[in-house]
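First comes one chain, alone, set out as structure tokens in the form predicted on its own.
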């Protein structure tokens, strides 16, 4: 009898233990699945690409760039971690860089040949494929906010110049005196560009100038994935140093400078705008993923390391896909960049190392 009772008790213990193990495994699986689907989010930014060499960068300036990149990306990451939308994270992250004189965007925008600052920006919602963009604005403190207002409060995608500025006033955005955008180093860059242009005209022959290409680089951008699985991307820039004729680059062009689609990825570009427009760079990366089945990394390398150089363009992109994978691909000597994942792991880079 004692033997039978022992065997009976043992069988109950084993059964309960198996049940507890099964419940534990199910809970662990549920937790893992929940983390993978609900909690997965990430953010990536850039502050422009070009001939960015360590030997030309002072330690203090390098630290200033890194500090501002970290401030910007942590701003967006906090929004995402607290359940905010990718669109909000993109806007607020870009605001930090727009308000800094370090980057060619808003406060740090380059000057045109006429000595003005003409600002471009765009933003796109990967869930709805809605988008907004502005070009050639001169008195809007944060152009990315105006691009957002165009997206959500107008029936249009792109507004430019005086009309865009009037719309900004109607939406209650912060309007500033154009003098707000003045920075001494950007103004001197414009003067040097004018001098090189005059020298070329006086010689009446083409000559090699290593600085000309870098006049075409400089943008800030952000791409984000939120906890709801929605993607968004945005880009803001002052354009090209010494630009004429109200030139507009790729930054406000949906599909070239900015693109987001929940099926694939969110992308922000920085580079020689004319070539990025012709290559429809941001959309091309998404299309390679959707139609050819490439990964984000494969698609970004194909476009930035092969297709753009063959066309004659240089620059880079930052992107995040719908699984949280990130790409920071560029074919120049450097690109100001940073990324953070859901675990809060931060990576900041400047050079091509």
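Residue numbers count along the first chain shown, from 1. Predicted, not measured: the structure shown is a model, and the values here were computed from it.
Quick note: we don't show the form predicted together with a small molecule, though the next part is all about it.
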Is it the case that residue 74, even though its partner is missing from this view, gets within 4.5 Å of the small molecule in the predicted bound form, heavy atoms only? no
I'd like to know whether residue 258 contacts the small molecule in the predicted bound form, with contact meaning heavy atoms within 4.5 angstroms. no
I'd like to know whether residue 164 contacts the small molecule in the predicted bound form, with contact meaning heavy atoms within 4.5 angstroms. no
Hey, in the predicted bound form, does residue 92 get a heavy atom within 4.5 angstroms of the small molecule? no
Assert contact_stretch over 177-185, 153-161, 224-232, 249-257 against the small molecule in the predicted bound form, heavy atom within 4.5 Å, equals 249-257
Using a 4.5 Å cut on heavy atoms, which of 135, 131, 240, 87 is close to the small molecule in the predicted bound form? 240
